[in-house]
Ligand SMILES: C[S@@+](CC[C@H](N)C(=O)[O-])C[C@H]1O[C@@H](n2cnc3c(N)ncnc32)[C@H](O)[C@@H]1O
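Let's start with one chain on its own, the form predicted on its own, as structure tokens.
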């Protein structure tokens, strides 16, 4: 016999429905377990005893939704996170991209942009950045603004540099930023090849044909139906024999689109669209 939903889960569904109807942000197919943790944090932040109280504020106080969005999304990223992934791109994917006269890359769920700059640096070092457009998308406007600014606290740079070195970096990460006032600013030349824009994997469609999609540590927050929708978008966006990179806790194994891909580097979750 199926257990009835708890009061919290009922209120959570109503809150997500209200957010969708009022603001068109669709979290209704996000993983409930993940959302529950983040919403509990939001309750404390907003001083609300119940989700119904939070829903009332979301509907009637315009300033609440932008702040709540920082909890519902996960604007956390690292440069060259999982260096072996970038090493795989450098060794196995980049040589195959060399055959294209122009290259388009989609970083889906780009958060605050660390992966965008990581890929831009990799492409620069392999001589491809000047003919590449990187589409960097996310649903969180604040994260997108941070991504476009390309400014990060200087105390994170040591970790970034270590991961860059492990990813096969050909120089020093300091070649790509200027430091000052406790922060680093990444070169405009890197940002110039990126187009930052709002895009929802839950509600929007394909907007470009690309050779590489990198969407890492995003699908883990979706339920199975939304994961399938997102992977379907990636399949439709990719050219024949194009590449898809996922996070190290993500897989196409149970996706209904799994047959559309082959495993190029399964150990680092890099797939290739079948021809």
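Residue numbers count along the first chain shown, from 1. It should be emphasised that the depicted structure is a prediction, and the values quoted were computed from it without experimental measurement.
The next section is about a form of this same protein that is not shown, the form predicted together with the ligand.
Problem - Stretch in contact, per heavy atom within 4.5 angstroms of the ligand in the predicted bound form, of 160 to 168, 182 to 190, 197 to 205, 96 to 104 - result: Comparing against the ligand in the predicted bound form, the contact stretch is 197 to 205.
Problem - Heavy atom within 4.5 Å of the ligand in the predicted bound form - residue from 87, 128, 149, 74 - result: Comparing distances to the ligand in the predicted bound form, the residue within 4.5 Å is 74.
Handout entry: Proximity to the ligand in the predicted bound form, single hit among 210, 218, 39, 54 (heavy atom within 4.5 Å)
Key = Flagged contact: 218.
Problem - Contact of residue 78 with the ligand in the predicted bound form (heavy atom, 4.5 Å) - result: Yes, residue 78 is a contact residue.
Handout entry: residue 139 within 4.5 Å of the ligand in the predicted bound form, heavy atoms
Key = Contact with the ligand, yes.
Handout entry: Touches the ligand in the predicted bound form: residue 30 (any heavy atom, 4.5 Å)
Key = Close contact exists here: in the predicted bound form, residue 30 approaches the ligand to within 4.5 Å, heavy atoms only.
Exercise for the section: Could you confirm whether residue 132 comes within 4.5 Å of the ligand in the predicted bound form, counting heavy atoms only? Expected result: Close contact is absent here: in the predicted bound form, residue 132 is far from the ligand, nothing within 4.5 Å, heavy atoms only.
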